[in-house]
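For reference, the chain that follows is the form predicted on its own, supplied as structure tokens.
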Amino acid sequence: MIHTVLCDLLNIKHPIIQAGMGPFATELLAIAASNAGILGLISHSGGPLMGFDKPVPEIMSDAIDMVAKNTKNTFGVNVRVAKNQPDAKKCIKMICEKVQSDSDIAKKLRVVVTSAGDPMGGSRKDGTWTEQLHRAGILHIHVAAAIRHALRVEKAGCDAVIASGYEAGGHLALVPVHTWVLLQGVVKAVKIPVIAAGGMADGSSLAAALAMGAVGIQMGTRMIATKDSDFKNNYKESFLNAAETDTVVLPGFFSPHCRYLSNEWTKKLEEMMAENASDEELMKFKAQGRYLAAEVGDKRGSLLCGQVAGLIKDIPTVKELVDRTIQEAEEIIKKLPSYIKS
């Protein structure tokens, strides 16, 4: 068994986090992940632009209830805290109140992973995100895409940092810093635990990350292509014949850089941008792409994913994926001493 400080911090069996993947929902995936002994994350999903009628905090509250009822283990919530994300404050407040008012949820909802914004955000009245979460007894982890960002995460008082490289899917940093360069720099720069993300797909990923000083990994795209995930079958199956070169970085919902699987939808988005389509037209097209991918399962939708899509050749259960990832990592780590000769 591989056991790191991340296991103790999050009360999980294996040092793996299932990534948040908003605007897509991941309640079923979070349940399966938590039941498999890793940290399952509820994604920051919802909103009128995405075709939802309920307010985002209400959608996320329902998701918390659903996951809490279907696992006995630890889980968490991902909240995007970008400046253009108006519901972040309400979501953080809702999560804190929910944990403080429900002892069963308090035992299980152990961590909030914030991303796409300032880890020191919050308000004068309520305090920073970290202060609010810590008062409610919740751990705070933030995603960083540069060494200077990781230093700010540490300064904010976060309990750990996720170093997410440019190989990742979904929203990306403006400046491309790839995982293995970023991870080494962040590990050397901060004293808090570091989790590797971006390009994590198997046991070799985990073994390599641990060798570079990480305490665990976060897996997103690889988790999409599991039998338990909330994603439609066509979405999952689109990875099976993909190559590592079959992704493209284009504007997303909340940032100018977002990684998608190349398809008809991405080509059309590029054409619209070349023709100087309005922001309103582009946002409407992105929302339509999200609907086709998430609700219809149409391969012509916006299929957010990382470069590891090119490494995915099957669709296992989450438990099967976790078990073989750990087994493979253990086998690799056991072989490493053989390379040292006296």
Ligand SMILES: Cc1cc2nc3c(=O)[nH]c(=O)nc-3n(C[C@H](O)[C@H](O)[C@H](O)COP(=O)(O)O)c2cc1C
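The first residue of the shown sequence is 1; numbering continues from there. Quick caveat: nothing in here was measured; it's all calculated off a predicted structure.
Another form, the form predicted together with the ligand, is not on view; read the next lines as being about it.
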Answer with one of Val153, Ile224, Leu182, Leu206: the residue that has a non-hydrogen atom within 4.5 Å of the ligand in the predicted complex.
Ile224
Checked Leu29, Ala293, Cys305, Leu39 for heavy atoms within 4.5 Å of the ligand in the predicted complex; positive is Cys305
Hey, in the predicted complex, does Asp228 get a heavy atom within 4.5 angstroms of the ligand?
no
Is Pro15 one of the residues lying within 4.5 Å of the ligand in the predicted complex, judged by heavy atom distances?
no
Contact of Gly169 with the ligand in the predicted complex (heavy atom, 4.5 Å)
yes
Is Val318 a contact residue for the ligand in the predicted complex, using a 4.5 Å heavy atom cut-off?
no
For the interface check, one of 72-80, 131-139, 263-271, 92-100 should have non-hydrogen atoms within 4.5 Å of the ligand in the predicted complex; which one?
72-80
Those residues of 10-31 with a non-hydrogen atom no more than 4.5 Å from the ligand in the predicted complex are Ala19, Gly20, Met21, Gly22, Phe24
